[in-house]
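First come two forms of one protein chain, each written alone as structure tokens, so that there is a structure 1 and a structure 2.
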Structure 1
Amino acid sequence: MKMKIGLEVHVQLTRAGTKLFCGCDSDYRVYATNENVCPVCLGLPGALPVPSKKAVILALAAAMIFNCRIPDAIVFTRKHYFYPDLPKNYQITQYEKAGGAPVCLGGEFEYLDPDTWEWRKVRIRRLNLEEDPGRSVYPEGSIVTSRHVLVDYNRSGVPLLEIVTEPDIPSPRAARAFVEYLLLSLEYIGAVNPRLEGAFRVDANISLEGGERVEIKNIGSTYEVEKALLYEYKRQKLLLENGGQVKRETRHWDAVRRVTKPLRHKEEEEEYLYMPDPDLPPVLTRPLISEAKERLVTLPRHVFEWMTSKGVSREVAWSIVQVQHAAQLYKEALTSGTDPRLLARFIGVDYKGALKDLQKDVHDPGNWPEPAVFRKLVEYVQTGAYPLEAITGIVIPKLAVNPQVNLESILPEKASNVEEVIRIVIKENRKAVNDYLSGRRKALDYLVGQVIRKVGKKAIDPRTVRELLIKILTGERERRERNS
């Protein structure tokens, strides 16, 4: 059944440095409760908002990613609703219809679908820069039942970018790909660290042919975006196939029980009393455009297409592009003599894989060596100084443990020596070789042990020895089979 999906993504500009209208920290997570606050973000009487230039520039850079029409001046709007976590009982946002002017008056965005390697187009309806509310905790249940509400205003006033798409997304999986690529793009322009807890939230609209639009609120991860939409797709499909009707409603994604639940009926537009904020004169965009443009120099798509043009496979290129630091490393390590594919493999497959094995954060630049180290590794293989297996099997895993280590100190015995030793061991242990070839696998462990003993204390990876042994012995077996 055909479906239409539209998304509303709220992304915190965690790297804006300050909150949107005051000097408090944009990354509130490290603070004790209600420590990252001031009169402005507490909405105290007489405190005045002053727009953060950096947040506006980041929002403009985002608008440029989306090929938006950008107005000459942006105008902030007050949106009124009473809520415990909203200290002024209005949110400063942008709303075109009430005299406001958002940073984007409509645009278009292409995201990569890694299932098909297609670039898919989504129309962007609008982009708002607004303040995040505080966080409420209801110690005795819900807003209706609880006698108390505890509010932490550390988050209050953090710059939030609201990105609203047209219903152009064809499937739950594509929705996930969109959000992932969107976050990656915003990370590349220095706007957000999407891995911080609560750095983004997604509301999703989905409608099936013959049904009304249903909104799913408050989805917290890209994985959940796919799951929630898939659930909702199946629920609506079943309903329609059984002659039922899908009514227009708002539902909530219960991530624990993995179902959507009705939240409230959206019968009429709510009354928000929109009004341009009289404390905030229009912000002229022209003087900020060039600074915003500087942030667009490197976007994921540029890096991806540049890499694939050098012959790097799409899978490996995508693996690198997904980690901004890895992409940066790749660009710095690649010189005219370096094999681009080998370099990409070392960075995007072997090293990244080794970090994951060690459960280290692939996004932490401190977990990566200098670009010259990778260049050297490629050179070793290209000149034949070491076989590929020695680098991927021995050097890279060790490097991942300590990326700042001196490369010389972890290089193994020259591969030619190891192979010589292996041939000697094979010659000296015919019985074990025969046992192995006739199917007794344990004999291999014995042979590995013999090789390591002969090599001595020199650092060598048993896995490499094992692989080399298997390779040589397999050759041996094939020769015997041909002969018989």
Structure 2
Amino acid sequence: MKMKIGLEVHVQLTRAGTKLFCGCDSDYRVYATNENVCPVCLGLPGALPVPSKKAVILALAAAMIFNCRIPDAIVFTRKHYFYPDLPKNYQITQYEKAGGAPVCLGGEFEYLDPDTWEWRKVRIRRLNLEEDPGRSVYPEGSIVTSRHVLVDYNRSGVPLLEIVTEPDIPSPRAARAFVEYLLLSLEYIGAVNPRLEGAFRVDANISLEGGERVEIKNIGSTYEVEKALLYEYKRQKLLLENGGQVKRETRHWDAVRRVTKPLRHKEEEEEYLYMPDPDLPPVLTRPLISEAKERLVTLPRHVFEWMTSKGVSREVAWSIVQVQHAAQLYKEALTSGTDPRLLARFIGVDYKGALKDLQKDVHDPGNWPEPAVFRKLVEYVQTGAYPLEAITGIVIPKLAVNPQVNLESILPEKASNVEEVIRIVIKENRKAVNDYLSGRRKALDYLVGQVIRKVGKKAIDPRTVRELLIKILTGERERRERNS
């Protein structure tokens, strides 16, 4: 049954430095309850808002990513509704009607679908820059189960981007891919750290043929975006197939029970009583455009396509692109003499995998070595100084434990008695030797493995082992033939 999905993605500008209309810290998470507040973000009488220049620049840069029409001036609007976490009883946002003008209208965004490696387009209806409300705390579980609510206003006033799409997304999995790529793009322009708790929230609208649109509120992770939409699709499909009706409503995603629950009937826009905020004059955008463009120098798509043009596989390139610091490392480590594919493997597969095995944060720059270290590792393999297996199996795991360690101190000792070890292995594995001499080529792989195992942690090149084995065994075959 065909579905339509549209998203409203609310992204905190966690790297804006301050709240949207006052000087309080945008990183409210480090403060005690109701400590990161002032008269402006508490909505006290007489307090006047002043827009943050950096937040506006970040919003304009986002609008450019989405190829939006940017007005000459943006107008902030009051959106009236009553809720405990909204101290003014209205939210300062943007609206394309009632005299307002949002940051962008009528855009388009392309995201990468990693299942098919295709770029898919989604139309963007608008992008609003608004203030985040405070945070409601439910001491007895959730909004559904708790008998009372507490409010923390530390978050109140944090700059928030509301990105509204048209219903162009074809499936729950595509919705997840869209949000993941959107967040990655905003991270690349320095707007958000999407891994912070509460850094983004998604409201998803889904409708099936024959039913009304249903909104699912406050989905808190990209994984839950897919799960919530998949559940709601199945719920609506079953209802329609049994002759029921899907009514327009707002539902809450219960991530614990993995179900959607009805909250309320969806309000109409007129109920919010939008009006231009009389305390905020229009903000001219043209003087800020050049600063916004500077943030678009490097975007995930640019890096991905540049890496694949170097011969790096799409899978490895995407693994690197998803970690912005890793992408920067790759760019700085790559020189004219460095193998781009081997470098990509070391960064995007081996080292990243080693960090995950150690349960270290791959996004923390402190967990990565300098670019010169990766360049040196590639050089060791290219020149034959150390075999690939020694670098990936011995050096990189040690480096991940302590990325600041002296590289020379963790290089394995080189095996110096390779031919002697080979002759011992030949003597101890006569069946495998006879199998090889009788034409069973796989026996050679077994013998190579036995040599490497006997050498232990010393560095040894499997190619050298193979060549010596073939040379010695060829000599043995010739002696047998002469004696027969």
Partner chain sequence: MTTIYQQLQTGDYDPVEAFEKAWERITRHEKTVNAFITIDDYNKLRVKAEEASKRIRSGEPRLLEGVLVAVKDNISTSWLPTTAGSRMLSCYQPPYNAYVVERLLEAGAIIVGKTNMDEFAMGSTGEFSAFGPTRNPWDLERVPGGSSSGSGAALAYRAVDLALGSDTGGSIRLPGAYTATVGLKPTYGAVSRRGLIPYANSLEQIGPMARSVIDTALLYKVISGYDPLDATSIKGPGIELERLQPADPSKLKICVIKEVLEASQKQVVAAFTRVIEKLEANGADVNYVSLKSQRYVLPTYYIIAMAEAASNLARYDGGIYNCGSLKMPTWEEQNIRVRSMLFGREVKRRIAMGVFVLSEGYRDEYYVLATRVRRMVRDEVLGLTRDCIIASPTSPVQPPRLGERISDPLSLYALDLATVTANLAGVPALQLPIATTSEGPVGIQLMARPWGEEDLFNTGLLIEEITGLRGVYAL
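Numbering for residues begins at 1 and runs along the sequence of structure 1. Quantities reported herein were computed from a predicted structural model and do not represent experimental measurements. We call the rigid core whatever largest set of C-alpha positions still superposes within 1.5 Å between the two forms.
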Original post:
Which of these two chains, shown alone, is the form predicted in complex with the partner chain?
Top reply: 1
Original post:
Hey, does residue 25 budge by 2 Å or more at the Cα between structures 1 and 2 once the core is superposed?
Top reply: no
Original post:
residue 47: CA shift of at least 2 Å between structures 1 and 2 after core fit?
Top reply: no
Original post:
If you line up the core, does residue 9 shift 2 angstroms or more at its C-alpha between structures 1 and 2?
Top reply: no
**OP:** Please state the CA displacement of residue 447 between structures 1 and 2 in angstrom, with both forms fitted on the core.
**Re:** 12.3
Original post:
With both forms put on the same core, how far apart in Å are the CA positions of residue 424 between structures 1 and 2?
Top reply: 4.3
